Ligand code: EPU
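Given next, in C-alpha cells, is a single chain: the form predicted alone.
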C-alpha cells in the first residue's frame, strides 16, 4: 500500500480535468484491504477510481480520499479459475482482459473490445456495446466492505443490472470496493453479430461472419470504435456521455409524428430506445463550447476537452444539452459518467 497526500488526479482521468484530492491510497494486494477499515474510519468523502475513463471531477479541489487498486503485474497473476468461471482481479485493464480472452479462444466479451477502464469499473456501469452487456456473462461480483472489514459476493441478480446501471451506481455511497468479478468465458459461446455494422466490418476485412473467430470479431469491433471515438491520449474524453433514452411506445409515436427520421430500437419489454446523439444534433448545440469543453466532430455523444477544460466546463455543457433536449421533446437525458464534486 502507498498513500499520497494532496495527490494530483489530472493524469488519472481520461478527460484530463484538473483535480487534486486530499489523499490517494493505492492498494497493491488483498492484504492491504484490511487496513482500509482503520484508514477510512472517520472519512466521509471516499471515491474509488480505476482508470478514470468514466469519471468527471467537477471541482478542482476535492476533500476526498481516493482509492485506487493497482493492477497485477501480469494477466496470469490477475486471473484465476474457479470451476467453470474465470475470476478476474478488479485492477486489470478491461481492454487487456478482452484481448487475453479471445487469444485463449474464449468467447463472451469479444463485442466489448476496446472499452477503456479497469475491470472493477465494468459492473458499475454494466458496460455494453454492439449488442452485449457485462451482465450477459457475469456470475458474481466480490466487494470489500471497508466499514465492516469483510468480503462479500453479490450474485448477478443482486447487482441489479440495468441499461448502463447497477446497484453500485444507484447507491454510490455504500462502503464498497469492487475487488473481483467472475465471468462465464467459454470456447463454445455463440457469436452475437446482430448489431448494425458488425457483420459489415467483418466482411470488409474479408471474413465470413459465419466463420469468424472471437479474435476477429474483437478486431472488427476495435476498428469500428476507432472510427467513431477519439483516442483519449490525443483528444481527452470519457466516451459516450449520455445514455440513449428508453421511452414508451406512446411517447415514441408522438416523437415520430414530429421527427419521422428519429432512430429507434424496440426493447424486450415493449419500450423503445431512441438515439441520444440524434436528439442532441437537433438542438443545434454540437458546435458550441463551454470554455474548452465541446463535442467531438464525428459524434454528438462524445464530450471532449479541447485543451484546458475544467470539470465545471464539462458539467456546464452537459447541463445545457440536457435542458435543450428536454425543451425540444420532453426527454431528460441521463449522463453516463460518474461525477465527483467537493460536496
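Residue numbers count along the first chain shown, from 1. Note that the structure is predicted; figures quoted are calculated from it, not measured.
Heads up, the form predicted in complex with this ligand isn't pictured, but that's what we're talking about next.
Heavy atoms within 4.5 Å of this ligand in the model of the complex map, among the stretches 242 to 250, 145 to 153, 81 to 89, 100 to 108, onto 242 to 250 alone.
Proximity of residue 299 to this ligand in the model of the complex falls within the 4.5 Å heavy atom cutoff.
Using a 4.5 Å cutoff between non-hydrogen atoms, residue 30 does not count as a contact of this ligand in the model of the complex. None of the heavy atoms of residue 288 is located within 4.5 Å of this ligand in the model of the complex. Although the partner is absent here, residue 308 lies well away from this ligand in the model of the complex, with no heavy atom inside 4.5 Å. Distance criterion of 4.5 Å from any heavy atom to this ligand in the model of the complex singles out 164 from the list 184, 199, 164, 135. With the partner omitted here, the residue from 277, 46, 312, 49 that has a non-hydrogen atom within 4.5 angstroms of this ligand in the model of the complex is 277.
Of all the residues from 256 to 275, those having a non-hydrogen atom no more than 4.5 Å from this ligand in the model of the complex are 263, 265, 275.
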